[in-house]
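In the form predicted alone, a lone chain appears below as structure tokens.
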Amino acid sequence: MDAIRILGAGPAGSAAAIAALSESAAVRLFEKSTFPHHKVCGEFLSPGASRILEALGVWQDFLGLGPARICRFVLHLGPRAKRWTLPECAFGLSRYQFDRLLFDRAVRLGAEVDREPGAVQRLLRGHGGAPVVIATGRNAVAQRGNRLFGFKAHFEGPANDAVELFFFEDCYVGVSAVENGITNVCGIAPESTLRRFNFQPDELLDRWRPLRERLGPLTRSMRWLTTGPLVFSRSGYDRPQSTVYPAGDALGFVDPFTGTGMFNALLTGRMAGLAATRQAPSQAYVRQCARLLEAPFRMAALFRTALRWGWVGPLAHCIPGSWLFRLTRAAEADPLWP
């Protein structure tokens, strides 16, 4: 069998490589960027991620990095807040450390890394029928004038065990701890809003009193990173080629306020690596992923619609917090990809 070719060495791509290597497949991992580096991300790992990390053989190494334990959720809607305790502790770990953990594991297991310029584009055009996992990130295009951008920075100061979400002016910001007592602040805002503040998130965040008070004791320790435009979409691979397996954001980009992005990357990345190695039909793999990810995509679309029409406050306060959390989680994986 030809080597499994994996395009992209982020969490989804590295998880796919580890899974394929665990079944004694040869793996060639294509990555144009230098690892590790910081990325715009909420850096929140859902409780179920622990089971996937254990299956990938990195659970103990993950714990050795000292991830923050996140046990509470706080949803800020206007002047009021909704609080609840998570059914299981989640974790916070920076993408800098998380990406390095998975990438290093794949390399130790024998993945061949190819950084040849243009290799990813060449393989996307034609791969000769060899199994290919596409984990290159978002693939949708945003229309100018109605675009969303993400921003993120780390802060030093008092950290706690809660993930907090702040919704205001068509924006939202997540605040939660990562390793070493650092607090990650990551948000999304419309391009028009950011332009009003010259793309300076500090000025935007200072305008909202609950967020200003939350960040008051903290000091930003890195420059703001931005990314975009962001388009939330389901899979663009409804009819993939028979040996192509999209994973992570390439499979579908869910709104980050669900807190499932890193978990979905691990889940679908591992599934893609196993499916490619076992030469499972790609369409069956994509259908299975769609079933597993249906809840977070559906709830994200509903929540964003409610936010646009001003219904999110009444809706959120009527629904128990544990339900809100559970309804945005991915389903359990199918036995075909245990």
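No experiment lies behind these values; they were computed from the predicted model shown. Residue numbers here begin at 1 and follow the sequence given.
The protein also exists as the form predicted together with a small molecule; that form is not presented, and the subsequent description refers to it.
- Residue contact check for Thr136: one or more of its heavy atoms lie within 4.5 Å of the small molecule in the predicted complex.
- When contacts are judged by a 4.5 Å heavy atom cut-off, Arg95 counts as touching the small molecule in the predicted complex.
- In the predicted complex, at least one heavy atom of Ala12 sits within 4.5 Å of the small molecule.
- For the chain shown alone, Pro210 is not a contact residue for the small molecule in the predicted complex, no non-hydrogen atom being within 4.5 angstroms.
- Contact annotation for the candidate site: Arg28, Leu56 and Phe62 all lie away from the small molecule in the predicted complex (no heavy atom within 4.5 Å).
- Stretch 187-195 is the contacting one of 81-89, 215-223, 201-209, 187-195, since its residues have non-hydrogen atoms within 4.5 Å of the small molecule in the predicted complex.
- Proximity to the small molecule in the predicted complex, defined as a heavy atom within 4.5 Å, holds among Met262, Val178, Val175, Ala111 only for Met262.
- Distance criterion of 4.5 Å from any heavy atom to the small molecule in the predicted complex singles out Leu230 from the list Leu77, Leu230, Leu101, Ala153.
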